[in-house]
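To begin, one chain is listed below as structure tokens, in the form predicted on its own.
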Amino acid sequence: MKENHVYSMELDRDYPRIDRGEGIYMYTEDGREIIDGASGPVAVSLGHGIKEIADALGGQAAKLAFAHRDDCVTPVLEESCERIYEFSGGDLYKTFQVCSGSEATETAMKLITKYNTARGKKDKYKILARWQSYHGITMGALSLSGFGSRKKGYEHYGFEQGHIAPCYCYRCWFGQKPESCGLQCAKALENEILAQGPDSVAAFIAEPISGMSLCAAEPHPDYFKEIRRICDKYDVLLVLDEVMTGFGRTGKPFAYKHYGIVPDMVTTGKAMSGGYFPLAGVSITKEIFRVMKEQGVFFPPGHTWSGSPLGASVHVAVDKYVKEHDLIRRCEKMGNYLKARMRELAAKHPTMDDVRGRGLMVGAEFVRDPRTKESFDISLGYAGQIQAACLKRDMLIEASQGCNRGSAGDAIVISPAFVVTEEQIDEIIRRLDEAITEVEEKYCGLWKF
């Protein structure tokens, strides 16, 4: 292991030293080719090495690298926010740009507070969320999250304002089947609002399709319609976390478009810049902005790089590239192919069960017994072993533990860049097949499948 001065997540791990990238591939200093089957942390949406985006960033840096949002606005930031408005079909009227998904969640929390204070409802401040959710690693965002393993050890810095059961049909917390469930997971929101008092509940935040806490678990088709109804009934803002799903990954401009509703506020990131610059945002509807405007709300929260012209220039270039190459339609098409191939893989592997997700964000859960959905002991690190076996085969994927109520459960996500081809998906599946086989063979003599 080469000594360096980087503080990495795992202190004793010998990380690959990546020097460059092209498309879905990354290359080490010694020329080894690695498939980026995860798009980093589901962020490098368009692939590595796109000259047009690099040129846009460099051109903006040469023209104007920094302008502080407290003092001015730049034409490129105006264009970026206008493109978000158009991309959403007119839903997302105003956008406050920041640098990370966690920062976006924190900014959304402050906007929620400002909105209700402007309406004379300063006691309406609680933000409800779901267990098995993830909204960021900063302390406010982590408090809203319901991802136990990432909260562990930091609980004393956070707060608890209320969590409800997730919409997780594979492991329904109410023991129901989707075709006859009555949407009890959605109705749990109404019960929680009533129990806490509608006058105190300001917002409900959720991922339209779950990220790494449930590895691409999709909601019941009518879940968000019921959630929207409940939020409207009790004057509660609906905030959707599209940091992972936004800007085309699920085969729609935003994942909420799959479910026939419009949220009041959306947090975004990752694919917003395609991984070419630290960029995220919080977008609000015209109605929310109307209240802020009429009440003359002053909104100072923001970090040094909020509204960066560099980030805005990258987003403009990304938006142009997505449209010129029809990548949202391609994402849907390639996503359907990836999901079909993942299901074929699950049919031949006794530990690989529920395949889920939309577009190019496809997850799978691994269980000891598919008949009972019994999870592996969490100490085994089963999903992590598959991830490591993939890396041995020069492929990166995302793995997670804790989907089964935080105490067990192993799952992975395959999420290549939108430019992936069918042939490249076939190669991803081939290497994943080998990796799962390697891990399963360790235990086939111990367990009866």
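For every residue, the number given is its place in the sequence shown, counted from 1. For clarity, every value in this text was computed on a predicted model and none was experimentally measured.
Keep in mind that the form predicted together with a small molecule is not shown, yet the notes after this line are about it.
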Legend entry - 4.5 Å heavy atom contact, P166 and the small molecule in the predicted complex: no
Legend entry - K270: touches the small molecule in the predicted complex, heavy atom cutoff 4.5 angstroms: yes
Inset, instruction - Verify the contact flag for Y134: yes if a non-hydrogen atom of it lies within 4.5 Å of a non-hydrogen atom of the small molecule in the predicted complex, no if not. - result: yes
Inset, instruction - Would you please decide whether S102 lies within 4.5 angstroms of the small molecule in the predicted complex, comparing each non-hydrogen atom pair? - result: yes
Legend entry - Listed residue that, although the small molecule is not shown, lies within 4.5 Å of it in the predicted complex (heavy atoms), from V243, A364, L338, L92: V243
Legend entry - Contact segment among 372-380, 184-192, 82-90, 243-251, judged by heavy atoms lying within 4.5 Å of the small molecule in the predicted complex: 243-251
